[in-house]
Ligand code: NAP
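Only one chain comes next, encoded as C-alpha cells, the form predicted on its own.
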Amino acid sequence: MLDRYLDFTQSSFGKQVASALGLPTPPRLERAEVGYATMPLAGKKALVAADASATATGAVLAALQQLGATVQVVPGHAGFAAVKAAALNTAVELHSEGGETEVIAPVIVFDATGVAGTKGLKQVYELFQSRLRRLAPNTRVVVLARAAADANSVEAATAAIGLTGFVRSLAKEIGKNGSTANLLQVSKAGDAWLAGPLAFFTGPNSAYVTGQVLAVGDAPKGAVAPAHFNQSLAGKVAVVTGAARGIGAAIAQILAREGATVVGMDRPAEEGALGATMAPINGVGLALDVTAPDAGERLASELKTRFGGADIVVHNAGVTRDKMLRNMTPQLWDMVLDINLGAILNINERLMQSGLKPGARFVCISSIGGIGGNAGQTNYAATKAGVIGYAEAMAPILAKKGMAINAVAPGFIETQMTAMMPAVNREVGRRVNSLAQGGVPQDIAEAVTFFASPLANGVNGRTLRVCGQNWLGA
C-alpha cells in the first residue's frame, strides 16, 4: 500500500508544510534493488574506529576488506593505535578521514570489544558526537561489543551492556535521515564469522533494521564461510510456507534472487495465486495446508523425491483472529495456535526425520506482538512469543547436527492486512518508530534471506526485529 504522507513530505512543498507544523518527515530509505554483489562494499568508504583495548579489530578489517570497502580511520582518536596495529597484521590499507567539511563515510564500524567502565565508553562518545551533524542519508552504523560471557571484568561486562542503550538511543537520533545503528555482540569464537553480518548490516538489505542487538558466535559444525557474497544460495532448495501472497511471496522472490530454488507452499484455496508467484522465479508450488494431519509427511516426501531434501525451511504461514480474551471462543484460540505454532512443531519434527540436507537452516516468522503483546491478541502473541522460545530451545540441538534456526519479528509492514486497518490506527502504526514509516515485505524477506544464507553462519537461536525500531515493545 502506498504511503501518501511519505510521498507528500518528500516534495519541496510537503517538506515546508511538515516543517511549519512540526510534523515528522519520513526519509526515503535505500533498499536493495539487486542481489548481493561479490564484494558488496566495493567503491564505498567505511570509517573504522576502536577503543584502545579492542580485540576484534583485525577481524573487522579483514571482513571489510573481503566486502571490498575502502577503510578510513581517525588518526587522532584514542583507539587509532589499535586499528593501525590490526591493519599491519591483516595487510589492510588505511586512509585518513577527510576534513570537517566532508560528508562522513556511509559506513561506520566501531570495535568496542575492549571497552570497560565509563572511560571506555567515553571513546565511543568522542567518535560519534562530532560527526553526527555530517552523516549522509542512509548511513549504516555498526558497533561491536564482546558478549557478556566473554567479558574479563565487571567493568567490561557493565560497559558491554551499556552499549546496548547507547546504540538504541543513537538509532533514534539518526533515523530521521534514514540512517541506522545496530550492535553486534560478538563472542571470541564469533570473530571468524563477522563478514556475513557486516555485509547485511552495512548495506541496503537492512534498511528497516535499526536499534537492534544481534549475537554472533561460533558456527554449527561443518559450516564454511562464503568465498564471496554473490548468489550465496545457488544450488540450495528453500521451502516457504504461506508463499502465495504478501510477505511470503516477497520471501520467495528474494531467496530466488540469491540463487535458491523455491518450493512455495500454501493452502489449496490459494493455488492460483501461488502459481502466479512461483512462475516468474521458476519455483515449485505445493498446494498444502500446514495444519493438514499429513502436511509434514507430504512435504518431506515431495522434497526427498524431487530434490533430495531441503536446505532452507521458512515458516511464514500465519493468521490473526483478534478478540479480547473474555470474548475469544475456543475455535479462534485453536485456529491461531494450530497454524502459527503447532504446524511449525509438527512439520519440523517430520522433516528432521528425513527431508533435510546437511547444514539445513530454519527461519520462523515471529512478530513484535509476541514481544510487546497487544490487547485482543492473546492467541496471536502466545504463538509469536512461542516461536522465539522455540528458536532458542532448538538452536543447541540443531547445532549438534550442523544446522541452525533463527526468527524474524516484523513490526508494521505495508501489506493487505495493514491496509484494512482503520486509517488513524494505520497512520499511528507507521509513524511510531525511528524511521517514521512502515516497512515493506521486502524488508522481512531480506532478513529471512540473511538468516537462510551462509552470511549468518555465526548466528543461531536469535530473533531479529525488523520494525524500524518500533517504540512499542522495544
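All of these numbers come straight from a predicted model, not from anything done at the bench. Position 1 is the first residue in the sequence shown; the rest follow in order.
Not pictured, yet referred to below: the form predicted together with this ligand.
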Partner-contacting position among Arg245, Lys221, Lys119, His95 - heavy atom within 4.5 Å of this ligand in the predicted complex = Arg245
ask   = Between the options Ser179, Gln185, Asn316, Thr202, which residue brings a heavy atom to within 4.5 Å of this ligand in the predicted complex?
value = Asn316
query = So which of 281-289, 99-107, 355-363, 299-307 is the stretch with heavy atoms within 4.5 Å of this ligand in the predicted complex?
reply = 281-289
message = I'd like to check something about Thr415: if you look in the predicted complex, is any of its heavy atoms closer than or equal to 4.5 Å to a heavy atom of this ligand?
response = yes
query = Does Arg140 reach this ligand in the predicted complex if we count a contact as any heavy atom within 4.5 Å?
reply = no
ask   = Is Tyr390 close enough to this ligand in the predicted complex to count, meaning some heavy atom within 4.5 Å?
value = no
ask   = Is there any non-hydrogen atom of Gly411 lying within 4.5 Å of this ligand in the predicted complex?
value = yes
inquiry  = With the partner left out here, which residues of 265-289 have a non-hydrogen atom within 4.5 Å of this ligand in the predicted complex?
reply    = Asp266, Arg267, Glu270, Leu288, Asp289
